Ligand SMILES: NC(=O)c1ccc[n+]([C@@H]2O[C@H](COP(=O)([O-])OP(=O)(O)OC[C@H]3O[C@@H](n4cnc5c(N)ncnc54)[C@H](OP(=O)(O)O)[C@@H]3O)[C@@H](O)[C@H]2O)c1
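Take a look at this one chain, the form predicted on its own, written out in structure tokens.
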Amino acid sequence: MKVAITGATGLVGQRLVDRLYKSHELLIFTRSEAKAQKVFPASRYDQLEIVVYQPKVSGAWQQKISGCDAVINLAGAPIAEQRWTDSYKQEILASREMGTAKIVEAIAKAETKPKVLINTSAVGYYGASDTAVFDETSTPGEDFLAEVCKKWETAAEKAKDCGTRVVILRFGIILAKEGGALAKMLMAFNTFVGGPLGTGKQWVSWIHRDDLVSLIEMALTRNDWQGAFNGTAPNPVTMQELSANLGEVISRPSWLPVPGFVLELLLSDGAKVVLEGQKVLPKRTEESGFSFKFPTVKAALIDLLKH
């Protein structure tokens, strides 16, 4: 297949490119050619095409979508990396809603249209809760992240008007030692001050990065897949359980919690991503035939940290 990928230099994108590179023709859409060349050096990825683009602006880059069999849209401004000022909230939304709209615009203009658009969303769609259990049939929440996800998904769904199959993958907390929440926790644990973030009672709907990449691969070829699927493992855990398992796997104490107010001082509203959670089950994902290689958090952590 000829596959266009946005957000390829990110945590998921890099592993996805590694997985797809040998069997598919890949186009990497990036704002920074230098970064893409560094992440994907020509000495190793000699058949990969790098396309420089501005995600929120129409342009010549859109012509590259024509003739692609699939588009995988992973792009979006980081959510838990900095303070949510009013201007950054606008960037979080625009990078997703407008960025996706420009991808759909490119699909509409394409002479030969992609058969499938695989678009990222997030479990933030459901809103935060300590008690509720969510699956793909659950109604959306009403907080900022839920509103972002709703607008993000609505923008992607418009590709259906072009005859393109649309798959929405609602990502949970992605476990990978190279980045994300797990990398931040490892920094604390490796100095023997590790523990749960916040109260520890909040739910963490997680997924091993390799399972998420496998889910994306499956969505590429399953022509009966349309609509939303949860990209979360079938056994969500509390933050306290995640911390305890992490401490056990790397043989470090896990009793010292990081107070919520410390994260709030550092990240302001961005701390909500780790201080508030939701228990999300991949009901439709499993019913559609996907099998998780790492269904439990301990198995996932062992695989990620014992190699």
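Just so it is clear, the structure is predicted and the values come from calculations on it, not from any experiment. Residue positions are given as counts along the sequence shown, with the first one as 1.
There is another form of this protein, the form predicted in complex with this ligand, and it is not shown here; the text below is about that form.
Residues K2, S58 and E105 are none of them found to lie within 4.5 Å of this ligand in the model of the complex, as judged by heavy atom distances.
Checking G198, G195, G172, G141 against this ligand in the model of the complex, a heavy atom within 4.5 Å turns up for just one residue: G172. This chain is displayed alone, yet in the model of the complex one of M98, M218, L186, A77 has a heavy atom within 4.5 Å of this ligand; that residue is A77. Judged by heavy atoms within 4.5 Å of this ligand in the model of the complex, the contact stretch among the candidates 67-75, 110-118, 153-161, 221-229 is 67-75.
Among residues of the shown chain, V12 is one whose heavy atoms approach this ligand to within 4.5 Å in the model of the complex. V204 falls outside the set of residues with a heavy atom inside 4.5 Å of this ligand in the model of the complex. Interface membership of T30, defined by any non-hydrogen atom within 4.5 Å of this ligand in the model of the complex, is confirmed. This ligand in the model of the complex is approached by E91, whose closest heavy atom lies within 4.5 angstroms of it.
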